[in-house]
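First, one chain by itself: the form predicted on its own, in structure tokens.
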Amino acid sequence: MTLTCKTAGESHGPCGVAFIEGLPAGLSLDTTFINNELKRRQGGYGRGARQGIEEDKVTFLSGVRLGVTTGAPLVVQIVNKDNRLDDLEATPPIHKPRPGHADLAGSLKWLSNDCRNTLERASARETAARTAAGAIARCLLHQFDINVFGFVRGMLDVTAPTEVTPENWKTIRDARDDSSTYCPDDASCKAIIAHIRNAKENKDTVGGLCETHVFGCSPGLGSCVQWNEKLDSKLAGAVMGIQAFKSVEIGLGAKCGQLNGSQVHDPIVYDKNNRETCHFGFTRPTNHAGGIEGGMSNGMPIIVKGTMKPIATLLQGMDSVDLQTGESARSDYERSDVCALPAASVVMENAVGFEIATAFLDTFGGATMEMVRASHDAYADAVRKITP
């Protein structure tokens, strides 16, 4: 069974829920790690008042016994403390859609002049459930020494010069965790804070750039057999499915169009002394492909970049239309953040982690963790025999 996840819940409803199928039995879940990812998603400079209300933690409703998966569908719940969806004073009708949000398109889709139902589901509050699902999936990856690491790369004219490698990523992670913007470069962090402050003063919003690296993936995750089985295709879809993301790049990404092939493609080197590593001795002096070739992991670190647009709810409002009258109006204001880029980097990190776990189980799947381990180890033994 393929690993899948669906979420449910409204921003101001009772809770958010993730429904996960396909996890093998016998996987120990690190609740502290999962809850810490939820806590990180709530943090970061530029967040609004909602994050001071909520205290996101997971409750497992099914599929887990004594902290270990049973193989049954897993349902995880995250309670909303601000759950006043039926309180019309707290969550009034919205008749003036916000440009850049789902308000107008959803109102036209569901034939209503009230945007409330659309915005409640379209809200980025949904990403709490998706972050939990990704963190759960990463508990499986940790069993095979596969690690996912994400951070904020930049904003507007700021781009952090940080170089991430398999050797230094843990040090960079510590620097990220010490940063209020989740950017590991101190100078870049200060510049990002200045941009967020400026946006707040101008009743505006800002987005930026996120980046995720995956270390420890063996070659062969994904497939070249069908377009929708390609690992980069699945990663791109997962990241683009995060609220407010407008672009995804793998490795060099768009820069590939500005270079010749000899400058883009990564030469192959083989060292039989490194056959016990995740890449089985096949390495590259460069990683422009971002660890994926032909829709499959190639043993190098996987690198995914995403661009988040500025949040669509502006305190100053924007030109819009009153759906009750058809007259021009300024858009309604809904409590929001000035910048949620740090939080978005956490969501992206876990969305990527979920897709890597899905591809891993598609390749080495089994009903139990013992079966998954046996399949993985048998593959590793066989691939080491391909080249002397």
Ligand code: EPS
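One-based numbering along the sequence shown. Because the structure is a prediction, the values reported are computed rather than measured.
Same protein, other form: the form predicted together with this ligand, not shown, and the subject of what follows.
Using a 4.5 Å heavy atom cut-off, which stretch among 149-157, 95-103, 176-184, 253-261 contacts this ligand in the model of the complex?
Single hit among the candidates: 95-103.
Taking this ligand as it sits in the model of the complex, is I193 in contact with it (heavy atom to heavy atom, 4.5 Å or less)?
Answer no; every heavy atom of I193 is more than 4.5 Å from this ligand in the model of the complex.
Is the gap between E37 and this ligand in the model of the complex 4.5 Å or less for some heavy atom pair?
No, no contact at 4.5 Å.
In the model of the complex, is there a heavy atom of this ligand that lies within 4.5 Å of any heavy atom of S123, even though the partner is absent here?
Yes, S123 lies within 4.5 Å of this ligand in the model of the complex.
Classify R330 as contacting or not contacting this ligand in the model of the complex by the rule of any non-hydrogen atom within 4.5 angstroms, answering yes or no.
No, R330 is distant from the partner.
Counting any non-hydrogen atom inside 4.5 Å, which residue from S320, S336, T363, S28 sits next to this ligand in the model of the complex?
Flagged contact: S336.
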